[in-house]
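Before any questions on how it binds or moves, here is one chain, the form predicted on its own, in structure tokens.
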Amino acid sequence: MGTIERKEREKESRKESIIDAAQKVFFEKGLPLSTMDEIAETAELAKGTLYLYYHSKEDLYLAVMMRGLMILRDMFREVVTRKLPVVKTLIEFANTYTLFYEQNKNYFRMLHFFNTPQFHKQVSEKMMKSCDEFNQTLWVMVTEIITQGMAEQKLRNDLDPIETAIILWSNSSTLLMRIDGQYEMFKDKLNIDLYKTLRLSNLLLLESMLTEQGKNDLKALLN
């Protein structure tokens, strides 16, 4: 191994160690209460060393969050590789997103970063671009299935694929956030199982986007 290659591998190893430390701190305290000092201490590095690799703690937060996005991407890819019928694939996407939440709650909570614009100002342009480009791969996977469904006349062709993807994602995300923070309250006070509500909501929303052929496919899947 040459000197340049060895140094590059050492650099990547150091970056991963820093992200490991940042993940531990962020999972315990969240973004607002975490500090670069704590991350440096956890990584057993000088704080100045962290800034050689990451512009800010917000950059580090995105680096950790992207680990979660990678998990979600791989889970979605597994669904796509099964080459299921379009309606079944869309149902499996929703089920997979729920499974991602159940198995990776800390990563799921980190996705709320995008709901707090005040933190965005601290993120470097390079890191935000990297995150946006990776996030785009998830949207492409979903919109390609939706476009396929329109071509097969399973989904209404008066819908915009990306708008449809956003609607489906927003519905699931909102109810999963309720499940994450208020599941027991809804269960105790209203006798409502929010997981059941999520499944029903996903199905009703999907049905509204289907053609008659698509609705027949959905009916066959549910029977």
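This one's a predicted model, so the numbers in the text were calculated from it and none came from an experiment. Position 1 is the first residue in the sequence shown; the rest follow in order.
Just so it is clear, the following notes concern the form predicted together with another copy of the chain, a form of the same protein that is not shown.
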Quiz item: So in the model of the complex, does Asp37 come within 4.5 Å of another copy of the chain, heavy atom to heavy atom?
Solution: no
Quiz item: Taking heavy atoms and a 4.5 Å cut-off, does Glu163 contact another copy of the chain in the model of the complex?
Solution: yes
Quiz item: Is the gap between Gln122 and another copy of the chain in the model of the complex 4.5 Å or less for some heavy atom pair?
Solution: yes
Quiz item: Could you tell me if Ser170 has a non-hydrogen atom within 4.5 Å of another copy of the chain in the model of the complex?
Solution: yes
Practice problem: Give a yes or no on whether every one of Lys29, Thr197 and Met209 sits within 4.5 angstroms of another copy of the chain in the model of the complex by heavy atom. | Solution: yes
Practice problem: Mind telling me which stretch in 105 to 113, 83 to 91, 145 to 153, 69 to 77 gets its heavy atoms within 4.5 Å of another copy of the chain in the model of the complex? | Solution: 105 to 113
Exercise. May I ask you to list the residues of 171 to 200 that have any heavy atom within 4.5 angstroms of another copy of the chain in the model of the complex, in sequence order?
Key: Thr174, Leu175, Met177, Arg178, Phe186, Leu190, Ile192, Asp193, Leu194, Lys196, Thr197, Leu200
